[in-house]
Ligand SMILES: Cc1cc2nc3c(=O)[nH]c(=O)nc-3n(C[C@H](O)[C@H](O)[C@H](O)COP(=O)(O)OP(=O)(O)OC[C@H]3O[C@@H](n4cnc5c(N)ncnc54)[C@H](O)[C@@H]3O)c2cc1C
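Given as structure tokens, the chain that follows is alone and in the form predicted on its own.
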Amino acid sequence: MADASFDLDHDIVSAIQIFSTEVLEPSAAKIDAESIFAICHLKALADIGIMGLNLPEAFGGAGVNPHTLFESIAALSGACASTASMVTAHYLATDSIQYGGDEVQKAHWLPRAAKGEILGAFALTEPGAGSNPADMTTTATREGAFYRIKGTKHFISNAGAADFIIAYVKTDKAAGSRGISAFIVDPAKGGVTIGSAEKTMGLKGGHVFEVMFDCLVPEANRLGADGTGFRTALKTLDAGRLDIAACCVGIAEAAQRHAFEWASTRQVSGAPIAEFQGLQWMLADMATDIAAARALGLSAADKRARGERYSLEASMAKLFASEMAGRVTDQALQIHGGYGFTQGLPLERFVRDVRIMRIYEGSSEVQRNIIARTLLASKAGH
């Protein structure tokens, strides 16, 4: 169990739930239908502290514990998954600085990011290197007091509006993952070309882009020493996987809520369909699935809160929650019958939005590899 000091901050979660219901949810359908970038909510999100929710108070953040962060992200996602996608992509960028940067870098970038004055992007994935970052081909070559970064990143959330991009690149092409370094890139300095937003199946307001680099970046913008980027990326991805698990719980809960309401009011032969045993079993499975996913997520949050390594738990939570959300949103649509297939209700949007979660931050197959390798190594160690 978590230490008492890490108990959920119900006031913060409640405030974010109210904000999500009153501000985000009413615009979610329009954002989806018109592919409006969720940056439209940036000021409102920043005003209540959401853009810095993952950061300590020393750098302008809210200083919340991981349990509160998990439930807050779930609340955002249940209202508008596109907005949650923008926010959590920003967290990946600021977490990279938090975990890999020095005090000067943290003091320069993080307070402004927490206030929503600047938006971040996290650039790891490449067209030919998604599941295995060690295969990346983007490079950084020293030129005096600068590095020249050359290469292409793909599916980079927020890049079209980002004020800073955390680029993971090879500084030593022969060293595999140990040759990866991370840099803070300011697109306004030039040498960064950003393509058009991809046309995606879901999360239509969480825009992703191809980013092409041919730019000079000062050595002062390198996060840590050469070759330490992969370690920073792994620590950041642990947090990101827990964020994805929270997103999945939030979307699944929203779908479940609609399913319960529909089952209670929709009548067939003069009786609510909730009285049918087969449908009751579907509702029971949905509720159990969501409870299990939340338990895995909060278990990982426990270890994170105590400062322990939680890579295994984050992978388990992300794997189970993303697969769970696919099942639950599909079941919720099924309960609505033909109405669920229409755009007049949010069920089909939930199904589309949640599909990417089995791919983001390492696919389900990658998570299974991580879990199996970790468990096998642990058994061998005994």
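Bear in mind the structure is a predicted one, so any value in this text is a computation, not a measurement. All residue numbers refer to positions in the sequence shown, first residue = 1.
A second form of this protein, the form predicted together with the ligand, is not displayed here; the remarks below concern that form.
Using a 4.5 Å cut-off to the ligand in the predicted complex, each of L124, I359 and N369 places a heavy atom inside that distance. Partner contacts here mean any heavy atom within 4.5 Å of the ligand in the predicted complex, and among 22 to 30, 319 to 327, 47 to 55, 351 to 359 they occur only in 351 to 359. The closest heavy atom approach of W262 to the ligand in the predicted complex falls outside 4.5 Å. Mapping the unseen interface onto this chain, S363 counts among the residues with a heavy atom inside 4.5 Å of the ligand in the predicted complex. Although the partner is absent here, S131 is a contact residue: one of its heavy atoms lies within 4.5 angstroms of the ligand in the predicted complex. Interface residue remark: F155 is counted as part of the site for the ligand in the predicted complex, having a heavy atom within 4.5 Å.
The contact residue chosen from V208, A233, A239, M286 relative to the ligand in the predicted complex is V208, the criterion being a non-hydrogen atom within 4.5 angstroms.
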